[in-house]
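As a starting point, one isolated chain is supplied in structure tokens, in the form predicted on its own.
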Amino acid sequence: MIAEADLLALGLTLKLALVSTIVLLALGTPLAWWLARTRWRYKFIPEALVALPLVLPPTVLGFYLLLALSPDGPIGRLSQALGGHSLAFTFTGLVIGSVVYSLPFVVQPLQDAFASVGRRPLEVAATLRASPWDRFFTIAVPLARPGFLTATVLGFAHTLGEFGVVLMIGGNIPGQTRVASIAIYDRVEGLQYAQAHGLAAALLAISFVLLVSVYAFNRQHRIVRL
């Protein structure tokens, strides 16, 4: 059985993953489209920035995000100037950190999917007087559907397992910033292995089902294309 406090942490984790994935798709789709289409000679610079969370220790990324979100940081000051409050140790701060941390897991699959579409179908549509928006939504997006599914699942699943970044930005506030990974750490630290196992098993099951769904869909998609 999972304790009530752990269920609360699991629910907050799923909420964080859902909100972060929606934001990631909204921001990552145009960025991936630009990276896949641009011929700018220095596009490797934004590509490196997007991929930076893959190699940067989560605590390092979380530390600098904490500085940016704090009352004296640029994002924190902007939030306060707009009538808000400091974003550190809040759910909104967790969303910002999760978006930055999981960005490469969404942008890279989408970029590869858009690149695989090629220029020929879009050029043909242009000769038929299709607008850029029409070409994007009626040709590029349907052809890149497997990439969208992969990006969605990877972004969601990666957010489920975050620890270092969310701990640095959000701390451990029950009901507000205490996500499942932090709850598991607390249980293990308190030698409560049975409770830690219940929560860890739930995350393991969710992640496994998500990944199996992606592999099954992509396999079926390849069979249909053949």
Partner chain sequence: MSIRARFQIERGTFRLSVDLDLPGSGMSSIFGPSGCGKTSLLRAMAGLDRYDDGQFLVNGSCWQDGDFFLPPHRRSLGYVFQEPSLFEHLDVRGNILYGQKRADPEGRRIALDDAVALLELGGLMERAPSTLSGGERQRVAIARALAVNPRLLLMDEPLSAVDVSRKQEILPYIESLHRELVIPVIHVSHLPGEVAQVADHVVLLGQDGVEASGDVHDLFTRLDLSLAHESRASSLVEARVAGTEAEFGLVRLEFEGGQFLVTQGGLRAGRRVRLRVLARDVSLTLERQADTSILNIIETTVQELQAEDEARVLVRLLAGATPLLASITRKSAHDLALEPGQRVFAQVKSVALLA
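On a predicted model such as this, the values are computed, not experimentally measured, just so you know. Positions refer to the first chain, counted from 1.
This protein has a second form, the form predicted in complex with its partner chain, left out of what is shown; the following refers to that one.
Per the 4.5 Å heavy atom criterion, its partner chain in the model of the complex is contacted by stretch 142-150, the sole one of 108-116, 85-93, 142-150, 68-76. Proximity of Leu128 to its partner chain in the model of the complex: non-hydrogen atoms within 4.5 Å are present. Contact annotation for Thr138: at least one heavy atom lies within 4.5 Å of its partner chain in the model of the complex.
Here the marked residues Pro121, Val124 and Pro132 all reach its partner chain in the model of the complex, each with a heavy atom within 4.5 angstroms.
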